[in-house]
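Just one chain is shown here, as structure tokens, and it is the form predicted alone.
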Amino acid sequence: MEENTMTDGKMNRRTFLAAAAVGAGAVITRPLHGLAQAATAAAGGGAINAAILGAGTQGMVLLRDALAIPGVRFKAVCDIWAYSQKYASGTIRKAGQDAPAVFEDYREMLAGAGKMDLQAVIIATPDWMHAEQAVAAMKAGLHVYCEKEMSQSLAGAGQMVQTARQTGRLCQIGHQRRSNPLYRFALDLIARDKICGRVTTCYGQWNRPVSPASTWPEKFVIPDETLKKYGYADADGKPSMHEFRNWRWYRKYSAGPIADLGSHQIDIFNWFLGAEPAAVLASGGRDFNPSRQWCQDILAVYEYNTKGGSARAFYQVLNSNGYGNYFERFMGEAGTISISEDPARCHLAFEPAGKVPEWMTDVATVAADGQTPFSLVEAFKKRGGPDAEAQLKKNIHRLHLENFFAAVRAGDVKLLTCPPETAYATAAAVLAVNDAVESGAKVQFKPEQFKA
């Protein structure tokens, strides 16, 4: 491992490494340009035959980004909704690939995996099916890219971890920020360069405006027998297209907004702090929209014991107001870094106790929060290597998919930026928020709760 050396505030670009926190505080480093190398590796060699399982809104996002990776060929589409089957199949054909085989039942698709020479599957079904489908896919010999939350229960998440170990199949969980070069750059500034000093406070939010229930084209209503076969029925056992389309509202199918949205950002708290939380206290309510079974608005406070001392992370998810959108913020006595998948929200501000490194003095500033902090994007362009701008132009999920397919080509689990063990620790921290809300009491964690 190269040393991160700095002389008179100037750092050799080759030695400017991105850090990734692993487990309860260990920090490893990888070159920032390694993400570009992953893209090259993902495109090298023969074709990887893949399937998309769950071709709804998020599944189509992943499908389009995966289709942009050279050498990835989609041989199968699986979804219980004919509308999604048609849309995904057409997208694959428009990308210049052969028409895929289409399945309603994932078990039939896996039974034919050998004939289709499938090597990998992308799973983007509702959360309640993730563990069952990922476990079955790995046992069928396929490598798995599975959307977060990896499961709505820790038991399911644990099964995914154990199955990956037992089968030797690779499993990447969709916490895509871990493959984002801007996030890795920000982590390097915090963890290696100590540019914020000791981080004592973190803040994150994902605010969404009020939105109506999802609807569907009447000509594509799923037959009642199909809905019932796959478990989409209301409390009275009546097949429900509404529950299928709005599954995030219901306890049967999801763990609510804290998992759907919050898991992305709570994962970043753990990663950047290099630790799992010691406790969490939370409050939430369903009063704004009682028809939803989960609290739509939640405020949570995590307590961490890091190598640098204690820290607190405040997290907010709203579905009743979208002001401020989404970002994460890390604050120390020397400075503050705000980071987001929205580049306009990425900046770095210094406290009076902080010192601006010489290499940053000519980095452009931006207007934010009534101040003029430095642009984190412009800082990354300056220090991130010759491919920095090209990496920033890629869709936010593509780099994570490139990382997955590169690991598949190499057959090396160590290349994955979010293996199931990492995502399991995040799930343990996230799912406890619902317990804290319902109990009205602080939830204390034990270190072993983050291990599967």
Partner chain sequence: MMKSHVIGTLVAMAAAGLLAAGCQKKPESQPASQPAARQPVAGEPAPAAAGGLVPVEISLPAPLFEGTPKPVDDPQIEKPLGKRRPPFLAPPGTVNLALGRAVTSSDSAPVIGDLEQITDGKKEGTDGGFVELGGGKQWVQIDLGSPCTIYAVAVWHYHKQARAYRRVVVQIAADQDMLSNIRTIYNSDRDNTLGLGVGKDKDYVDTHEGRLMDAGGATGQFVRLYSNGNTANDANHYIEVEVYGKRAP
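Positions refer to the first chain, counted from 1. What you see is a predicted model, and the numbers here were worked out from it, not measured in a lab.
The form predicted in complex with its partner chain exists for this protein as well; it is not shown, and the discussion that follows is about that form.
- In the predicted complex, its partner chain sits within 4.5 Å of a heavy atom of R64.
- The shortest heavy atom separation between E341 and its partner chain in the predicted complex is within 4.5 Å.
- None of the heavy atoms of K139 is located within 4.5 Å of its partner chain in the predicted complex.
- For the chain shown alone, K115 is not a contact residue for its partner chain in the predicted complex, no non-hydrogen atom being within 4.5 angstroms.
- None of 223 to 231, 357 to 365, 83 to 91, 155 to 163 except one has non-hydrogen atoms within 4.5 angstroms of its partner chain in the predicted complex; the exception is 83 to 91.
- This chain is drawn without its partner chain; in the predicted complex, the residue among W216, F350, F288, W128 with a heavy atom within 4.5 Å of it is W216.
- With the partner omitted from this view, the residue of R245, R312, K382, K194 that lies near its partner chain in the predicted complex is R245 [heavy atom within 4.5 Å].
- For the stretch 399 to 437, the set of residues having any non-hydrogen atom within 4.5 angstroms of its partner chain in the predicted complex is empty.
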